Structures are given as C-alpha cells and as structure tokens.
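Shown below, as structure tokens, is a lone chain in the form predicted alone; questions about how it binds or moves come after it.
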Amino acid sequence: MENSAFHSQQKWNIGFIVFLTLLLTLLSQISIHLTVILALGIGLGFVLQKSRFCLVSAFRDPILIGMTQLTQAFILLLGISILGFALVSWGASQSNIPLRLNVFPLGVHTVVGGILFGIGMVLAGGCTSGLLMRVGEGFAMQWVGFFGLLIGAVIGQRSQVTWRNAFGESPGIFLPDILGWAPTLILEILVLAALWRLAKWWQKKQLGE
C-alpha cells in the first residue's frame, strides 16, 4: 500500500513538473519578464514549503518549545538582506544611478500595527508567507486567514494617514546617513551575531543540549 501511494505521488510530481515546464515555456513566448517572476515565485514557494519557514514559528517556537532553528534562519536572512541591500546601494552610487530609498518614520501607529499583526499571525497560525504556503498545500482553513490578511492590508493602507495624524510620528532615521555605510554594516552585523549567539544559548538552555 505504501509503495503504491509513493509511486502515485511520484506520478503527480512528474506531471506537475512537466506542466510547469510547459507553462514557463509558453509564457516565455509572451514575456520574459513575467516568466522570470513566475519562476522566482515557484522557487521561493518550494523553498518555503520544504523549509517550513514562518515568522510565527521563528518568534513562537523559542517561547513554547525552546527551538530556535527558525529564529536563527530569520537572523541569517536579515544578515544576507542587509549585505545585499548595501551592495546594491553602493553599486548604484558608484554608477551614478539614482536610487530612491523609502525610509518611513516610526510612530505609535507602527507599534499598534505590529501588535495587531502579531496577534493576527498567532490566531491565523502563520504569517503572510506561512498562509500562502499552506493555501498552496490545500489547507482550506488558511483561506480564511488569507482573506483576513487582504482585508486588513486594505484597511491599514486606507487608514495610515489617519493613524499618523492621530498619534503623530517621529522623523525617519537612516543610519548610513548618520554613521556612514561601513560603521552601519559593522554595527548591524554585530547585533545580528549577538542575537544568533543568544538564540543558540537559549535552545541549549531549554533543551539541555
């Protein structure tokens, strides 16, 4: 029975791969740009599904079960993103390419929004990437959370000016403008390294490794 189910799953996998290959080939005849976007989306979805990466788990697991693997993965993701962002920004400045950076100010609305989003993630059982991953896996209940995410995003976007006017906001702070790129990178990497060590220590303490 198990071998039959395994071979049946293999056939579905092969069929799906053939379908995606044909779809990408057909789409490439229409737009290379859309083909690349779809291929990247498929690749990211595959990685998310296999790694089970989710921000909820990254922040929840250390508290509930003492596991910090996803927390460390999130810290690593931040480190790679910081280095990549700095590289792109430096390359743009060296090539005299105009680069517009959206540095948004911090305010009470940011804190309230973060708390509401955090509560929503816990109740829905996943963050945005986690919901999308589970919707793709066929979990019907995750559609409820997904539609709630869409509604909340629209309401938040439509009401952000009201929030800012009601609570005020602090000026946007861009550390490279204050410290310079090199000191900022060093500071951020040191902070992430410290958080990485803290996460490993926490798991060792909780699980007795």
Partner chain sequence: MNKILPTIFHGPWAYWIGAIILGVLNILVLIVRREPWGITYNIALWGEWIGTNLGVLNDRGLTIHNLMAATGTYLNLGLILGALWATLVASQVRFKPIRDKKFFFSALIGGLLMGYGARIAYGCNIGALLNGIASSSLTGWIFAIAVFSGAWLGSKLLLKYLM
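These numbers were taken from a predicted model, which means no experiment stands behind them. Just so we're on the same page, rigid core means the largest C-alpha set that superposes within 1.5 Å between forms. Positions refer to the first chain, counted from 1.
Keep in mind that the form predicted together with its partner chain is not shown, yet the notes after this line are about it.
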Scan A182, L26, L34, A166 and let me know which has any heavy atom within 4.5 Å of its partner chain in the model of the complex. L34
Taking the shortest heavy atom distance, is S95 within 4.5 Å of its partner chain in the model of the complex? no
I'd like to know whether F16 contacts its partner chain in the model of the complex, with contact meaning heavy atoms within 4.5 angstroms. yes
For W201, is any heavy atom within 4.5 Å of its partner chain in the model of the complex, or not? no
With a 4.5 Å heavy atom cut-off, would you call G66 a contact of its partner chain in the model of the complex? no
Residues within stretch 78-106 having a non-hydrogen atom within 4.5 Å of its partner chain in the model of the complex: L78, I80, S81, I82, G84, F85, V88, I97, P98, L99, R100, L101, N102, V103, F104, P105, L106
Aligning on the rigid core, do we see the C-alpha of A39 shift 2 angstroms or more between the shown form and the other one? yes
With the core lined up, does the C-alpha of L195 move 2 Å or more between the shown form and the other one? no
Did V88 shift 2 Å or more between the shown form and the other one, C-alpha, core superposed: no
